[in-house]
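Encoded as structure tokens, the following chain is the form predicted alone, with no partner shown.
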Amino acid sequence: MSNQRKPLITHIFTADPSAHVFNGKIYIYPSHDIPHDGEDNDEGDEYLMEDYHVLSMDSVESPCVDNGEALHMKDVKWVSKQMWAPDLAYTNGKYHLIFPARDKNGIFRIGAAHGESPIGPFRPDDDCIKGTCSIDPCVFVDDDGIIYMFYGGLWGGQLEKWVTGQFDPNGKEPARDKPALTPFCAQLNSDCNALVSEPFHVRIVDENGNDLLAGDEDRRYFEGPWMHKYNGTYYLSYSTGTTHYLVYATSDSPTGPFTFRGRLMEPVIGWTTHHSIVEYEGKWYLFYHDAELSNGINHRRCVKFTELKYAPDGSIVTIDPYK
């Protein structure tokens, strides 16, 4: 298929794609990398990101269309800067854009904006979703209608600053021989604008049921959670960050614990990646980004996709992005 593994659009830089299917079309909700000459650092200051564009494709073989700006941070009262990787959920006949950004105190929170169309425009709530923190929301609507949100990212995403339950600007990751931090999970209400359960850290364990350790950088959680369901099994996939892998763990419950299973994708050009997985017309696809379009500049990325395949035992066949 001609679109696969090629930048879906090239007139702007895009990253962190959340893909969904509505009314037979594929809609992609990425972040928008703004070119600049500032430095890269572990706090993510290079990722300026002020607005969201919605991309769409009539099929996996159709051209990708940029439907224009759907939300800008100047229209969101609580935001100070850095509207990073979003997701979208469809509930109660409306489309809810769920996104992270720094509040007026520089602390990452998660907010919501709502629209009648999958391409927006989206009307933001006046305040963030109370009780949220960090980045990378993934909203998963289960078959029973319960809405779960998974979220959190280390370093620039501030996840390690919430270990005590309160924001600590000096918060650190656990010691390498201690259990790794994992994403938060909480239930959302049907309007996707409030938590209806207390957030908790999902467990990610090895084949023996032991928590993955912070020093296990090939397998431990870093950022970018995504949840999907295949043949009755829940798949939590995420980025390992420092080692540049996309990996996954499985469970028979959406709240875990999740058992580590392996890699989705080998490293891409650029520091890390952020992905989504969606079914379309009986096949499964991985949407991701790399920095090929900019020859490796981390904050000038492009969204791509490729087919994802399962082995008979439910494991995912590891993808080499350049073969």
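Computed from a predicted model, the values in this text were never measured in an experiment. Start at 1 and count along the sequence shown; that's the residue number.
Omitted from view is the form predicted together with ligand FUB, to which the following refers.
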item	value
Which of 122-130, 249-257, 70-78, 84-92 lines the interface with ligand FUB in the predicted complex (heavy atom within 4.5 Å)	84-92
The unique member of Leu236, Leu188, Ile98, Ile135 whose heavy atoms fall within 4.5 Å of ligand FUB in the predicted complex	Ile135
Contact label in the predicted complex: Met49 to ligand FUB, heavy atom within 4.5 Å	yes
Heavy atom of Ser276 within 4.5 Å of ligand FUB in the predicted complex	no
Any residue of 275-291 that, in the predicted complex, places a heavy atom within 4.5 Å of ligand FUB	His289
